[in-house]
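Quick heads-up: it's one chain on its own, the form predicted on its own, in structure tokens.
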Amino acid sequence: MSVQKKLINDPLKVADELVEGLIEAYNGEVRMVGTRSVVKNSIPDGKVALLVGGGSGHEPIYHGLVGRNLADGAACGDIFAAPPPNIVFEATEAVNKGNGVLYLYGNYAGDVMNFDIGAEMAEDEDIDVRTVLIADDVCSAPPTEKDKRRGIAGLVPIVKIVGAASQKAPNLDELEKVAKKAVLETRSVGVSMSPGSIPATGKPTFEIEADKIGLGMGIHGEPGVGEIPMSTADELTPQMLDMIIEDFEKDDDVEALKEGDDIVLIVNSLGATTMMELLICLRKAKDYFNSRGINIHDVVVGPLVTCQEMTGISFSVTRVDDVLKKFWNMPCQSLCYTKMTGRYGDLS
């Protein structure tokens, strides 16, 4: 088993030092709060606050999604580990502006437990908190058990939409409704060709044969739920997208994805997959949806939700109606994702 070389200092201080660097990369737009929380410097009084968070090691998310028309803050855990309750509480206090705080994060047991404890601590200080879990990985559980699904790259369009909605939401109830709708309309499938590693050891998180692809891998270095033969981009892309289409069809809580629908498409690299490969897959994905009469309203391509140097790709689809489209179209700016004013106009 080979060791992955890392340009780091103390392996046990990686998360702290990367957040210090992230603060510098934001160039004065955010600040460090408490142990390891990232918070915007300017949050209007009376705003319904949006707090995201999760383990480090997936950069540029989650803490890279703090910014203009996005999240107000992020609670950061250690590498591939949930942020402890004290960090969640510190971030909650910092973003709270008197109109409640919405927690929006991936559905992993450690995150759920620690954010729930953080919420209890916040409620003891009379801060109203609600939680919406991101659970978009169709490979991790069937539609009838969506509450057991993991959160993967679909978090990007979900946080973008909810972040925009938080700028105008009059109360926590209304923001929670938008968040639940965005989660329900988002599905993702991911695959891996080689593993990532943990900086503390430098060792791969799993092993896979050269002629195999791990289907449904997790973003914390978990192996896939199954293996399929290695194939070409044009063979693999429709195979993955078929799983998303079929999941919409089998879910009684949503309509099937059909001709005339608008979607936001995310083509994500797990870290080591190159832009070249993503673009080759994107052209096939465009043909796939065109043949079904499904309109790609917008597309985002790049390494957004990563697992160190894992070689892999994921597709995320968010169906957007007029309400969700309005929030998607708003410009935003952060380290992870920036949407310029463009063909859809500045709707902020």
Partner chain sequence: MPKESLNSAEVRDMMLAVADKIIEAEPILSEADRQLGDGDHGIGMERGMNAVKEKLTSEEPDDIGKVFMNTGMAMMSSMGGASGAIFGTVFRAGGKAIKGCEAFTAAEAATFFQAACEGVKERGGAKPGDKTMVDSLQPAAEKAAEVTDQPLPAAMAAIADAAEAGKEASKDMIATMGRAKTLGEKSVGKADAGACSVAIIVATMRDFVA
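This is a predicted model, so every value here is computed, not measured. Residue numbers count along the first chain shown, from 1.
Omitted from view is the form predicted in complex with its partner chain, to which the following refers.
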| query | finding |
| --- | --- |
| Position in contact with its partner chain when the complex is considered in the model of the complex, options E123, E255, E246, D116, heavy atoms within 4.5 Å | D116 |
| Interface residue in the model of the complex among D262, E174, E227, D242, criterion: non-hydrogen atom within 4.5 angstroms of its partner chain | E227 |
| Non-hydrogen atom contact P83 with its partner chain in the model of the complex at 4.5 angstroms | yes |
| In the model of the complex, K160 touching its partner chain (heavy atom, 4.5 Å) | no |
| In the model of the complex, K203 touching its partner chain (heavy atom, 4.5 Å) | yes |
| 4.5 Å heavy atom contact, N99 and its partner chain in the model of the complex | no |
| R150, I198 and H220 each touching its partner chain in the model of the complex (heavy atom, 4.5 Å) | yes |
| Option from 246-254, 126-134, 204-212, 174-182 whose residues, in the model of the complex, bring a heavy atom within 4.5 Å of its partner chain | 204-212 |
| Residues within stretch 14-31 having a non-hydrogen atom within 4.5 Å of its partner chain in the model of the complex | none |
